[in-house]
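The chain below stands alone and is given in structure tokens; this is the form predicted on its own.
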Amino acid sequence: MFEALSSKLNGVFDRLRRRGALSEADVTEALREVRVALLEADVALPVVRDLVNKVRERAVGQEVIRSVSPAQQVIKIVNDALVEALGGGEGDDGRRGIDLNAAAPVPILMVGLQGSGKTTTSGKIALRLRTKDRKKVLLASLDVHRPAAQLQLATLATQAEVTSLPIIAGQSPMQIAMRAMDVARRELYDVVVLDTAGRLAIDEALMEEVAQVKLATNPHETLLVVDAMTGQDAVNTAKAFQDKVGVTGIVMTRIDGDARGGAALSMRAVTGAPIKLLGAGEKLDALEDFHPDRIASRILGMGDIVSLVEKAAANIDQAEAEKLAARMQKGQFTLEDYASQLKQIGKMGSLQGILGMLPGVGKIKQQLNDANLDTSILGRQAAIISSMTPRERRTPEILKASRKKRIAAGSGTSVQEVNKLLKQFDDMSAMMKRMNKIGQKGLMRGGLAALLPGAGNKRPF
């Protein structure tokens, strides 16, 4: 979401690093470029003005000018200002996600415009509450205007393995909400997610309906769902809902799209409501907590290793990973092991998403684009391996022309793709054998170069 902004800010900081000692004029020029970059990223003008002023106050002074590493000092000051703009820093209580600190059943009211991803987000939240918080969740759709909206939520409830309120034709949103709360109290549900109707634009009828439901159900959380792709329109929508209804938090959806990121930077300052969750994909598990400090690190090209480790811990089977590592150390690596690796990586999301969390990847973004990184290759390779017999996976050397044709036909790929997979597997197997042969000490002496083809004939130092 922040690619363009990150690229421009890193360009500014790279020029600062080359200067060595900084004058006040250098800092002023850099801040002018930061201001332009923020405006081009669709950040609200008052937010840009406030952020740049904060940075200027802290940066234009002896602390930076005489610092051992003045450029790094400026970057830290910008980082701190970004964290504050995103809702972190002083006064941040550290709570993330949904607040359930209330008597059960806890009502959560979902509001927003039509098309923002509100119903899908309701399903994501239900799954999250069931799996991570071990809560008994009831989903209820109050949308009687959009065709099949209630059926859509019922389908999502089935996928999330939670209960959806049975549909009774002809009931009003208020009647559905009261029935949901009554069922939740009688059947001892922990949380009730109330998915309200949306409109294509803000109008009095929408606000009145939401306000009445809120008054009747007294929700502990009122979450506004906004589409990050709509930029400043998302900020305007959030301000309107905050002024007329009142929201406790914001969920930004489609952050994996080509959004400029200005809405996220503007949201807290303009509305006063914190961003609580981020939706990064259509899958029901594609929902993550919003961490201002981690987002600021991503914007400044410093990556987000903490989120990457958390994602790996949540999605990778530790026992399976340890078993695979032991086999690799012994040089026992088959196509079945390779398929297991592909599956583990696939669970963590898109390759772009994973790469975006690594420090410094923004600087090689163009090279990655030029390399035409195909994110669907993992799925195709997994399909190729699935089309093999158990014997073929364990002994790929028996794969000749006729077998390759059969595998390609079975996986919907080409013989060339099968050959490419086998070549990659051979390269990986050879590297693991070299790693096992030279040992840890040899790897430390020779570095990664010791694992390259032909390295065995050279001295590793």
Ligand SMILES: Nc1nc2c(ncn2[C@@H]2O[C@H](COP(=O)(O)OP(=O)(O)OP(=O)(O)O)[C@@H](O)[C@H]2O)c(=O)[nH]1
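This structure is a prediction, so every number in the text was calculated from the model and none was measured. Quick note: we count residues from 1 along the sequence shown, nothing fancier.
Missing here is the form predicted together with this ligand; even so, the following discussion is about that form.
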Practice task
Given this ligand in the predicted bound form, answer whether the residues Thr120, Lys124 and Gly281 all have a heavy atom inside 4.5 Å of it.
Solution key: yes
Handout entry: 4.5 Å heavy atom contact, Gly272 to this ligand in the predicted bound form
Key = no
Practice task
Evaluate Gln114 for contact with this ligand in the predicted bound form, applying a 4.5 angstroms cut-off between non-hydrogen atoms, and reply yes or no.
Solution key: yes
Exercise for the section: Could you confirm whether Glu209 comes within 4.5 Å of this ligand in the predicted bound form, counting heavy atoms only? Expected result: no
Practice task
Answer for His220 alone: is it within 4.5 Å of this ligand in the predicted bound form, judged on heavy atom distances?
Solution key: no
Handout entry: Partner-contacting position among Arg130, Arg254, Lys214, Lys276 - heavy atom within 4.5 Å of this ligand in the predicted bound form
Key = Arg254
Fill in the blank from the handout: Answer key, this ligand contact in the predicted bound form at 4.5 Å (heavy atoms) among Lys136, Arg146, Arg179, Lys244: the residue is Arg146
Exercise for the section: Heavy atoms, 4.5 Å, this ligand in the predicted bound form: which of 281 to 289, 235 to 243, 186 to 194, 79 to 87 makes the cut? Say which one. Expected result: 281 to 289
